[in-house]
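We begin with a single chain expressed as structure tokens, specifically the form predicted alone.
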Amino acid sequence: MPFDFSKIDTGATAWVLASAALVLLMTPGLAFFYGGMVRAKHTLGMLMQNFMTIGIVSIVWVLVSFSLAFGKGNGFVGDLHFAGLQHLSEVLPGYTGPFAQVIPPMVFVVFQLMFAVITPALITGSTADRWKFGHFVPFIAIWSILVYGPVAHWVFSPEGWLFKKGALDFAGGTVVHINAGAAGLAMALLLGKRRGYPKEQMRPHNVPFVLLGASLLWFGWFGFNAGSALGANNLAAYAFVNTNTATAAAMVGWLLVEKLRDGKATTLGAASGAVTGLVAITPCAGFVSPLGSIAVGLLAGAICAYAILLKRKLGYDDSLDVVGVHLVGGIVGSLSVGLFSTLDTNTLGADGLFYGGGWKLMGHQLIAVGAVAGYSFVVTLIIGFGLKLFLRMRLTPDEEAEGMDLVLHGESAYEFGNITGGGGGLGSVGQRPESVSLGGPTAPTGVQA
């Protein structure tokens, strides 16, 4: 069906284009966020992985991934009708009736591209300090095609099976965060633990970088969530307010846990809590009320402050706590839709349990969470192991000791003095210096947050 370009809403088009630019800024923000949390010798390695993701995914999206995500196909994957961004003078499959778009299809392509970029970039936090660049590059290209494209089709496309079932995800709680978190866990297990983990202290080398990255993420996330209304309208305003409110509440919730548990509220805890709130409100932003967003944020901040401790108990090395923040935070947010969603905010949504909707929506959310997490984890393991048969996957112990920057890129982030520092997860500080654990426990008394 030809797209009627005479009915384009220029205000909505301008807002979505601006939102796309905001979302793109999130990936460099993520690079600073992660780059500050690793040891100084790995800084450029982290920044390069995130910036290279922009390059790889941008090309793959144009060639094939957009079509797999939003083509007609079937309930599980789109066809190749839009490969190479052909036929974009047509209405995108399923976007008719109440879902009819008032922006040009090419604008939608650009906006969705930025989601496709940041999702695999999130994975790099779980694999910090040890992933070979030569293995990373083809992995991202293949993962974007085999994992991101199909999952986006399931949830975001009106033709997808989870969309048709009634699962709600406003801006990517399942597609982005659960997807990346499950993949991050798979790759952390496949790569194995960092050299010296968990005995050596691995502190963040540049906490101001972490705060800068968190700030850029917070700023860009308004495009991520409010832009997902695909219009300059009341729904976008709700998503904007809910995003900011939940982020603030999660930061407060995380810091309360730190203060009660560890005796100190930390800078890293503030950054961690804010990002957790951003993650959790993503699926909810256009479905819950502002009061609901406070509940979502507080729940996410408190739960994720404890969830990052799972890696100690279970023995895996998720360097920068992608599992604890993005997988667990995405699950909290996706299930919160089943609790707090209200038709008063979005008539195309549904009422959750606390608004008289019963357990039906929660059932749909549980199916979406399980399907996306399971698919992403298994297929990521297959991709990573398959490439391992042909390409060396991780740095050798000597290379890891020297650092990703010099070994992989022949550069260093800093050329002055003798900078030391660690690289750990979204950590908080215990009461004594010897009990600090940022990115991995270093002693039985260590505290991670």
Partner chain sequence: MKLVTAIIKPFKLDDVKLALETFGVHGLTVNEVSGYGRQKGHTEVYRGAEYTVDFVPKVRLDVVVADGDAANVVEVIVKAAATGQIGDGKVWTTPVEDLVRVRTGERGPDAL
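Only a predicted model underlies this, so the values are computations on that prediction, with no experimental measurement involved. Numbering follows the first chain given and starts at 1.
Although not depicted, the form predicted together with its partner chain is the subject of the following passage.
Asker: Using heavy atoms only and a 4.5 Å cut-off, decide whether all three of T53, V147 and G184 touch its partner chain in the predicted bound form.
Answerer: No, the whole trio is out of contact, none within 4.5 Å by any heavy atom.
Asker: Considering non-hydrogen atoms and a 4.5 Å limit, does its partner chain approach P204 in the predicted bound form?
Answerer: Answer yes; at least one heavy atom of P204 falls within 4.5 Å of its partner chain in the predicted bound form.
Asker: Indicate whether L268 is a 4.5 Å heavy atom neighbour of its partner chain in the predicted bound form.
Answerer: Output for L268 is yes: heavy atoms within 4.5 Å of its partner chain.
Asker: Even though the partner isn't displayed, in the predicted bound form is S376 close enough to its partner chain, meaning a heavy atom within 4.5 Å?
Answerer: No, no contact at 4.5 Å.
Asker: Against its partner chain in the predicted bound form, would S334 count as a contact residue? Criterion: heavy atoms within 4.5 Å.
Answerer: Taking the distances in the predicted bound form, the answer for S334 is no, it never comes within 4.5 Å of its partner chain.
Asker: Look at the stretches 29 to 37, 66 to 74, 386 to 394, 402 to 410 and give the one with heavy atoms within 4.5 Å of its partner chain in the predicted bound form.
Answerer: Stretch 29 to 37 is the one.
Asker: Only one of M251, A188, M114, I308 comes within 4.5 Å of its partner chain in the predicted bound form by heavy atoms, so just point that one out.
Answerer: Answer to the contact question: I308.
Asker: Among the candidate residues V296, L320, V288, L278, which is the single one with a non-hydrogen atom no more than 4.5 Å from its partner chain in the predicted bound form?
Answerer: Exactly one listed residue reaches within 4.5 Å, namely L320.
Asker: Using a 4.5 Å cut-off on any heavy atom, which residues of 259 to 277 would contact its partner chain in the predicted bound form?
Answerer: The stretch touches the partner through R261, D262, T266, L268, S272.
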